[in-house]
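Given as structure tokens, the chain that follows is alone and in the form predicted on its own.
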């Protein structure tokens, strides 16, 4: 670190404390700029690659001859590459970028040992690149969400160890004694992920367990990656940015703590409801069903907290893109979580299993909930890191409406198609043959591809806007996202995150 005085040290005694606080926040943003930008740019690269992979896979569902002669673009490989690119590329890199910024901001401390994070970013993205290449080459495992070949995972472990080490150091040197709710979620996510990923790798890849236990471990991991890794990161962002933009505290700090602990208590068991009807001990399935239904508690508590915080301020959705994306994400979290609890009921699971219904549900969670939360967070963070405004408000609007309508169409189409598909499969008297069921789903799969094109348009608009702001294009006079750190913001900081 430089020996020259910092901005806050150079402010004369007796100066406006809010000026000093703004200078302090500026110092923090400057210290985190490079690592956050590295992870953000990597996330956007994987977002575009994953989107293209997803579109190719989607087209193949209703046009089997599409790139049929290219082995590396076969359905099994391209869809698996899409899944891992989006999960470990876009979602993880974006989540880490947002977590880094939030942790330093809430800890009120400059980033220490930023080089650790640069090394982590390099190892993570090299490891992921090797893994995706291995998948496209056909050298993958057969375990869902863990298809990356074993020779790439050590690089991912090294990267994550660096990130975890940095988080502990930053939290240790925080300058305020209060621990915000957003920090609870970030720290929990950073501790839960290596536990989930490490356990799954050991029990399924390096020293595989036998028999039914494999399926239990697989769904324990696959379900908890969303619930105990991405969901805490998304909730940390939403709990911070909604009150921040509104300039008022979250409705109840204590409700948010209750929601945190009930999420930690119940979600760990929820994944096994995907094995209803399988050769699994009945008591395990029953425990999973109960835990899934009990997830209604943290979900409704969180929904209440966010909704009451927004009461009287919904008009701000018209002009704040950060708020627009964040509220869309928060509403999606409530809806998809309640849908997940419903899908854990045996009578419903019997119909929805092995159908497009579950695909729509997973995209509701990973995209409409988590990805939209990350978009909202990045719209707030980027101008403060780069000290310039977003160049185009029009591109922001195109981004929001394209992805919102695209993912909404996607979810509705696959939910309807999947439910009817499930009814047909559970009651063969409804159709003459299985081929009739496949024919029924084809128009809905075309709608799925159309929605994918809409999402691609939104992603292109976002990437163009990011490229423009990185290139320091002049900003317009009307500022769509960059708000000053007002005295009201600073006075209520302790209650809003």
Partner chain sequence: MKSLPVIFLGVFFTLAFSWTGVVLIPQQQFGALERQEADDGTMHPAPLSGLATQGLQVYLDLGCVYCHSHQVRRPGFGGDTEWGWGDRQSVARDYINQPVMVLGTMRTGPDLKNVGDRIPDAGWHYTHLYDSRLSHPDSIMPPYRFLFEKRKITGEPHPRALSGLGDQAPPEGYEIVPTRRADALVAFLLSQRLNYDLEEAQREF
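Positions refer to the first chain, counted from 1. Predicted model, so just to flag it, every value in this text is computed and none were measured.
Below, we turn to the form predicted together with its partner chain, even though it does not appear here.
Original post:
Which of 157, 133, 401, 171 has a heavy atom within 4.5 Å of its partner chain in the predicted bound form?
Top reply: Selected residue: 171.
Original post:
Tell me, which of 245, 120, 217, 413 has a heavy atom within 4.5 angstroms of its partner chain in the predicted bound form?
Top reply: By the 4.5 Å heavy-atom cutoff, the listed residue in contact is 217.
**OP:** Answer for residue 223 alone: is it within 4.5 Å of its partner chain in the predicted bound form, judged on heavy atom distances?
**Re:** The answer is no: residue 223 has no heavy atom within 4.5 Å of its partner chain.
Subject >> its partner chain contact at residue 471 in the predicted bound form, heavy atom, 4.5 Å >> reply: No - in the predicted bound form, heavy atoms of residue 471 and its partner chain never come within 4.5 Å of each other.
Original post:
So in the predicted bound form, does residue 261 come within 4.5 Å of its partner chain, heavy atom to heavy atom?
Top reply: Contact check for residue 261: yes, within 4.5 Å of its partner chain in the predicted bound form.
Subject >> in the predicted bound form, residue 272 touching its partner chain (heavy atom, 4.5 Å) >> reply: Within the cut-off, so yes.
Original post:
Thinking of its partner chain in the predicted bound form, which stretch from 450-458, 61-69, 38-46, 463-471 has heavy atoms inside 4.5 Å of it?
Top reply: Contact criterion met by 61-69 only.
Subject >> 255, 314 and 332 all contacting its partner chain in the predicted bound form, non-hydrogen atom within 4.5 Å >> reply: No, the candidate spot makes no contact with its partner chain.
**OP:** Heavy atoms within 4.5 Å of its partner chain in the predicted bound form is the criterion; list the residues of 109-148 that meet it.
**Re:** Read in sequence order, the residues that approach its partner chain (within 4.5 Å, in the predicted bound form) are 138, 140, 141, 142, 143, 144, 147.
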